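As structure tokens, one chain now follows by itself in the form predicted alone.
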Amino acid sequence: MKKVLIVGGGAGGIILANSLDKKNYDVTILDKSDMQVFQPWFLYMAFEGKNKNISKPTVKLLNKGSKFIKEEVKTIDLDNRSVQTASNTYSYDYLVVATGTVTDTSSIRGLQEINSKFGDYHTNIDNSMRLWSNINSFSGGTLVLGQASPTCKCPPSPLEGILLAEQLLTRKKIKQKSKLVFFTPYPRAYPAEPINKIVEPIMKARGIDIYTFFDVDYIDTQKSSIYSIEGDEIHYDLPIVIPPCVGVKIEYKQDVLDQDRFVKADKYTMRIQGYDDAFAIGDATNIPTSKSGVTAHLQAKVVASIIEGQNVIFNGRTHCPFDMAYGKATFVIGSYTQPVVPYPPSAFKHFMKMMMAKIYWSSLKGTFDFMFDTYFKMTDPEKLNKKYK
């Protein structure tokens, strides 16, 4: 029986474990945490105060036959098929790295200080609720939101944040006493032009100022200002700065990490560069597609099929939900060969996003695989691009 070792017990790791045939594979997950967190809900904790329980024990999400061990991985030696924790060494026939990404406030001066004070909605539950406390008590002034690095979990999330912030200030009747500013390192509000053509007019209609090509250099907390490498300055009263996302701190004996600690992997097979028996999926990789739960889900399915001997590839499919506030949403849909679809927002798409939150735990166990397969076929980006071009 082949041993499959999965480093990381997030959505991608759990879906992969649940997808493999336990009659043929001995599947083990290693992770320093024994809890799975529904991270997309950080957004609603931060901007709507919806502090519901979004954590579940990993073992309750694994189907029969998979093992979970709570240990932090320290070292991975790909040549010797060895994974080292503080107290044990594990061997494998197949390795899958599914460690996700973490936020890093240390690389930008002043970011740690404002992050600790004001919070953010990409790090953890505590930071999300800290942000809610600050934005809920905000009585007017300049609210600034943006990402400090081009690499960010869930590409729509920065814009979701500013749109939900605008909705909150409007409902609290303090928008007339406020200024909303959105900054981005990209040349447009949303990097993909088809979606930008939808969202930028909405932002302008809601009175949100947009600063493009704004690469954060440092934050002066004494002057309450954010400065860009390009020399621009944005003053803030309430700053919401999404920290840079980087790979987790694991030592690899081989040179397989990029400068941000993301694992170098083939974009079609997810094989780690130079290795046939080791893979990386989801946010842990440098693969040029969105860092999102749907991407991890689809990559996990492909890797499971490859391990089981099937000749399949990942086509770069993205399907990121995008809440545009006021009960409407869209999805960012594309692939390696298809540009992002100019998918118009609607109330029904918002309903679909909320339904995903309700079925999330069951989706990890594979309960709704048949439904997802049908849905992804119905929303094929090539078909949708023909419809909405």
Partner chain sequence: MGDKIVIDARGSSCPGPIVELAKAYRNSKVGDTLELWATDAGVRADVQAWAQKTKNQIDSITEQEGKIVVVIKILNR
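This structure is a prediction, so every number in the text was calculated from the model and none was measured. Residue numbers count along the first chain shown, from 1.
Another form exists, predicted together with its partner chain; not displayed. Remarks below refer to it.
Highlighted residues 41, 98 and 124: none comes within 4.5 Å of its partner chain in the model of the complex, counting any heavy atom.
Partner proximity in the model of the complex, defined as non-hydrogen atoms within 4.5 angstroms of its partner chain, places exactly one of 166-174, 282-290, 71-79, 86-94 at the interface: 282-290. The listed set 148, 143, 296, 226 contains one residue whose heavy atoms approach its partner chain in the model of the complex to within 4.5 Å, identified as 148. Scanning 237, 277, 266, 232 against its partner chain in the model of the complex with a 4.5 Å heavy atom cut-off leaves one residue, 232.
Contact annotation for residue 250: none of its heavy atoms lies within 4.5 Å of its partner chain in the model of the complex.
Interface residue remark: residue 179 is not counted as part of the site for its partner chain in the model of the complex, having no heavy atom within 4.5 Å. Proximity of residue 54 to its partner chain in the model of the complex: non-hydrogen atoms within 4.5 Å are absent; the residue sits far from the partner. Mapping the unseen interface onto this chain, residue 118 falls outside it, with no heavy atom inside 4.5 Å of its partner chain in the model of the complex. For the partner-free chain shown, 190, 191, 192, 213, 215, 216, 229 of 190-229 come within 4.5 angstroms of its partner chain in the model of the complex, judged by any non-hydrogen atom.
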